[in-house]
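Only one chain comes next, encoded as structure tokens, the form predicted alone.
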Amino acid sequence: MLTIGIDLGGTNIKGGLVHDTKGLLHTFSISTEAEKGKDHVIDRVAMAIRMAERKADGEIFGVGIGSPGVISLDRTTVSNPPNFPGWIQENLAEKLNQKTGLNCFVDNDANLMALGSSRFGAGKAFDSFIMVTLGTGVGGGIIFQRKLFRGATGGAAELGHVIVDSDGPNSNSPTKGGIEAYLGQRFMSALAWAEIKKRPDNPLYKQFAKNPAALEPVHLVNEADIGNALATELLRKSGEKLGIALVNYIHVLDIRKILVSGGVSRAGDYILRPARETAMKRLLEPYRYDFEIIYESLGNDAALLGAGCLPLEHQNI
């Protein structure tokens, strides 16, 4: 069975032709051109769908679109997606159905990473797990008994806004100290620079003093790999905050398998080991049993695969 998966990002629209057992058959990317307004972006998404459809050698069962923002429970409407000027509340599924003639469904992009993992990745091994995406921001998805858990209105699993320190730094949240403030890429880099600039003898200071905005988490990892103790310490502190967030997720949901994905997660044990140790110290004892953090190696392909699986999940296939 063939479907089309679309990953709608602020910079690029990624598309894929997806087979229900073989996975991705064809992928491509076009620019989003978000600054040209919502109607233009919707036309670009429709164009991407047609590009994927032309690669199919059979009937397309449906189209799944992963989008930032909060998505309605019926998988049609996007509300206030970040980095999309002029978008407030948009029935994206209906508009794309009209433009393409295909059955279209929309869900949160992090939700779809979880769905893709559950069908094709590390999540296949588990009936239930929590996906935490560590990228530009921090997002998440919850798989419960092999299905996405969406909450009462479709907005569940905004895991990046769970507060780990009410007096902490700001992020894309009305409250301070959400986990995104510590592990979202640019927020993590800003916190790191605040410490690095106190150490003018450190190689990281010498490398980025003239352009602190260029500092990214990968630079911390590269320095940690060659023995930079400050870089290792900064990554450890971020990992400890992640561990506190995981305690909150696990105590609320009683799901002990945590999958992590996204660019920041490639820091590996520099972040994940302190996250694991911190969580184990703070979890109530019954919740420590079977607790595990697993890296999802599918990367961004998980979101495309999840988008392609969305029409199937909608029909309980």
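Start at 1 and count along the sequence shown; that's the residue number. The structure displayed is predicted, hence computed values, not measured ones.
Heads up, the form predicted together with another copy of the chain isn't pictured, but that's what we're talking about next.
Region of this chain that lies against another copy of the chain in the predicted complex, out of 266-274, 40-48, 59-67, 253-261 [heavy atom, 4.5 Å]: Looking at the other structure, the answer is 253-261.
Heavy atom of F149 within 4.5 Å of another copy of the chain in the predicted complex: Heavy-atom contact with another copy of the chain at 4.5 Å: present for F149.
Another copy of the chain contact at D167 in the predicted complex, heavy atom, 4.5 Å: Yes.
Residue contact check: L230 to another copy of the chain in the predicted complex, 4.5 Å heavy atom: Close contact is absent here: in the predicted complex, L230 is far from another copy of the chain, nothing within 4.5 Å, heavy atoms only.
Residue contact check: V247 to another copy of the chain in the predicted complex, 4.5 Å heavy atom: Judged by the heavy-atom cut-off of 4.5 Å, V247 is in contact with another copy of the chain in the predicted complex.
Whether L25, K99 and L102 all lie within 4.5 angstroms of another copy of the chain in the predicted complex by heavy atom: Spot residues vs another copy of the chain: no contact at all.
Residue (of R119, H161, K95, H219) lying close to another copy of the chain in the predicted complex, criterion heavy atoms within 4.5 Å: In short, H161.
Another copy of the chain: the contacting residue among R236, R186, K176, K197 in the predicted complex [heavy atom, 4.5 Å]: When another copy of the chain is considered in the predicted complex, the option within 4.5 Å is K176.
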